[in-house]
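So this first bit is one chain, no partners, the form predicted alone, shown in structure tokens.
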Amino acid sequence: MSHLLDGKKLAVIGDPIEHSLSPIIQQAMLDELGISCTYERILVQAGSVAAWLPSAPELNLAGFNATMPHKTDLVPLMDTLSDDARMYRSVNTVVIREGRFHGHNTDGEGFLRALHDAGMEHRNRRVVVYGAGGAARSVVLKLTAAGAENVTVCCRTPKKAEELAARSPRIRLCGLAETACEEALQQAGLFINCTPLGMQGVQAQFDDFSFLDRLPASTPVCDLIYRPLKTRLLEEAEKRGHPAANGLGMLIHQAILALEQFASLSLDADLMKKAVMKRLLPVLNRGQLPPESRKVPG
């Protein structure tokens, strides 16, 4: 049976783009589904996505994913926006239909699904998030909208995240060294690292892990990093008896949700995860990143 994606192309755009795992993930799923569609990387330089966008249909693209630095730039360029894309003011998935651009964001829902897979509950929990960058934004807003009691965002420069805190009275901001951060850790029902500390190719690491000692016993610890698959943070958390999960689940689930939009299909997430892991794990276990990806995310 033919599919609307047969003979079409999909892509991921970004700058840099060579490090993206999206082609491996999406192609594994397309092949598993028997859809004759290819997925590629396209370098779109920072600041030029508005000029590039009109050419996308001419490239035979049925849609594309977007990574840094284009997610926010795409928002005003879309013909329609999903509720999540509007909430985050960020687009990571664009579906092209009849020359119109439909913007979605699958990051937050992908994170919630990954939490569910890991058996980590967020509803009615007090959550502590380290970091206030782009990844933290979607996680914090989705958690708040999906039933977390409150979310305390601990970061080096809280002033830069004031707009995020203004989105909900259940979002609190504090500096990493402030007493409020320590108090939040002592009451946390879930801890999430959204900083690049400990990421492969990034020299920076946590100065120490004594903050984990402030968490109540058995509080789940989640790290959005998936390279390496087990960061030092997760190792230290497990030593202290905390359930631990990396960011691979979020990476895969947000991709599944994106393909559902591209393909107008409801997918079997377990089947898709198995297809993806078969191709992705050997790449992650090799552990090599191209030079372009060895930059600390902003």
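Given the structure is predicted, the values throughout are model-derived calculations rather than measurements. Quick note: we count residues from 1 along the sequence shown, nothing fancier.
Another form, the form predicted in complex with a small molecule, is not on view; read the next lines as being about it.
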item: Contact check for T179, L212 and P216 against the small molecule in the model of the complex, heavy atom at 4.5 Å; value: no
item: Contact residue in the model of the complex, from R86, R100, R156, H116 (heavy atom within 4.5 Å of the small molecule); value: R156
item: Candidate from A66, A258, M250, A237 lying within 4.5 Å of the small molecule in the model of the complex - any heavy atom; value: M250
item: Candidate stretches 129-137, 183-191, 74-82, 116-124, one within 4.5 Å of the small molecule in the model of the complex by heavy atom; value: 129-137
item: Contact flag, T195 vs the small molecule in the model of the complex, heavy atom cut 4.5 Å; value: yes
item: Any non-hydrogen atom of A146 within 4.5 angstroms of the small molecule in the model of the complex; value: no
item: 4.5 angstroms heavy atom contact with the small molecule in the model of the complex for L141; value: no
item: Contact of V221 with the small molecule in the model of the complex (heavy atom, 4.5 Å); value: no
